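Shown below, as structure tokens, is a lone chain in the form predicted alone; questions about how it binds or moves come after it.
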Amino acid sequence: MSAMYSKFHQAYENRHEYARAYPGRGVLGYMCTYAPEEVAYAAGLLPVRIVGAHEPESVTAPHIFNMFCAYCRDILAQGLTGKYDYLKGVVHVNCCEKIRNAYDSWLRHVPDTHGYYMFMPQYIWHKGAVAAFRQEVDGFRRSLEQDWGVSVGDSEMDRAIEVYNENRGLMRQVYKMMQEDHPRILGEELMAMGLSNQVMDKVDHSRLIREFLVQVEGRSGESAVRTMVIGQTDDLGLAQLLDSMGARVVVDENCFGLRYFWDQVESGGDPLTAIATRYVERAPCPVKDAQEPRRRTTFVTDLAKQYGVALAIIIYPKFCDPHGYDSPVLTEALQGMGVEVLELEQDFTIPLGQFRTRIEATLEMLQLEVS
């Protein structure tokens, strides 16, 4: 395992310690990647993704339904048990209604929490969607100024956009390397890089990426089943499992991976409009892609072609309605282009080793087809 990988891994595993030591004005948590982080960063705050612990919990039942996905219950449990007691506030943009319930419950039951809720149109193709979300982004900016006594002007926003765009460009450079016939980067390294990206200051994360790129220059690649991970998972165990079985995650369309950083903010002009445009027009999640024409299906199949994918693993939390609704559409499209598809429903409290047999059987079938 590479030393730089361990730095990405350590940053993610030690995310609470990193956030508590942050030298800025404080830390804001967010539950969905539609939250416009650049605004919080411009205010001197560190935006961090609220993620679960992947451990059994017994504190959320009085607050949200047990039929809600394990991800919602897991992140709420982290708030209720004080794991995120350092947060100055929690940001949420309307997406999945079950996550919205976790957010509402967090505000009611976690003491001294500042809540920042933004509406984003579900029908993102509407000609007024960007203008509507710009108003929400501006309201978020003004709320931060009022709550924390800061000034968030165009110059601060432009600087934040520059920092975030630089990091996004570096991440795309790493993903470009995964198009090589024999990738030099492990799937586990790729996923650890994406996860740590959501809990670190982008300046620190970009520095680690540059060091990593220098390190991998001298590596030789190896042959593996080219695999794409689709859906929603923040479990490093999946990429670790695949690496150990001769499969390599070369690309993903994951809420915790590529979908988070892929699209940049256009610099120049009004920063509020530029930020709103980026988040409305970015690669959509299933919640925002329920109407025709479906952008996400085309986005996924284009990535599968560009990266020469042989196997696609669609993985999402058990009882996740948006991803469950989307899965048959994606499966049909991917199978139609000759990609093998394996669908996995994950309980966040159970180790991913439970899927080993199913993954092995799928890989064996692929090898037989090739031979």
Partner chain sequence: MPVTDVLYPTRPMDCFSKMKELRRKVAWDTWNSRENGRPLALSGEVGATAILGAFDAEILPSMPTGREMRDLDWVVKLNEAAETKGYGRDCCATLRIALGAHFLGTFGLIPGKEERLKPDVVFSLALCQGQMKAHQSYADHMGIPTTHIELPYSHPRPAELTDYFLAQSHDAIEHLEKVFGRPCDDEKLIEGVRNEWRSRLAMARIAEAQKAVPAPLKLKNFISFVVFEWRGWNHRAEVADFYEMAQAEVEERVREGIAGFGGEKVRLLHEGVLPWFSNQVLRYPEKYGGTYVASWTHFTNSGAFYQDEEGHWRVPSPPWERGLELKDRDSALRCLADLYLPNLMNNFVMERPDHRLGLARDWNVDGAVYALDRGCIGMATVLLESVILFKDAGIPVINYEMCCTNPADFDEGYYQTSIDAFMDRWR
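This one's a predicted model, so the numbers in the text were calculated from it and none came from an experiment. Positions refer to the first chain, counted from 1.
Beyond what is shown, the protein has a form predicted in complex with its partner chain; the following relates to that form.
Looking at residue 129, you'd find a heavy atom of it within 4.5 angstroms of its partner chain in the predicted bound form. Contact annotation: residue 319 falls within 4.5 Å of its partner chain in the predicted bound form, judged by heavy atom distances. When its partner chain is considered in the predicted bound form, residue 145 lies well away from it, no heavy atom lying within 4.5 Å. Proximity of residue 104 to its partner chain in the predicted bound form falls within the 4.5 Å heavy atom cutoff.
Distance criterion of 4.5 Å from any heavy atom to its partner chain in the predicted bound form singles out 120 from the list 251, 192, 120, 152.
Think of it this way: in the predicted bound form, its partner chain has a heavy atom of just one of 98, 259, 226, 205 within 4.5 Å, and the residue is 98. Judged by heavy atoms within 4.5 Å of its partner chain in the predicted bound form, the contact stretch among the candidates 270-278, 90-98, 192-200, 173-181 is 90-98. If you check its partner chain in the predicted bound form, you find a heavy atom from every one of 68, 108 and 290 within 4.5 Å. For the stretch 71-87, the set of residues having any non-hydrogen atom within 4.5 angstroms of its partner chain in the predicted bound form is empty.
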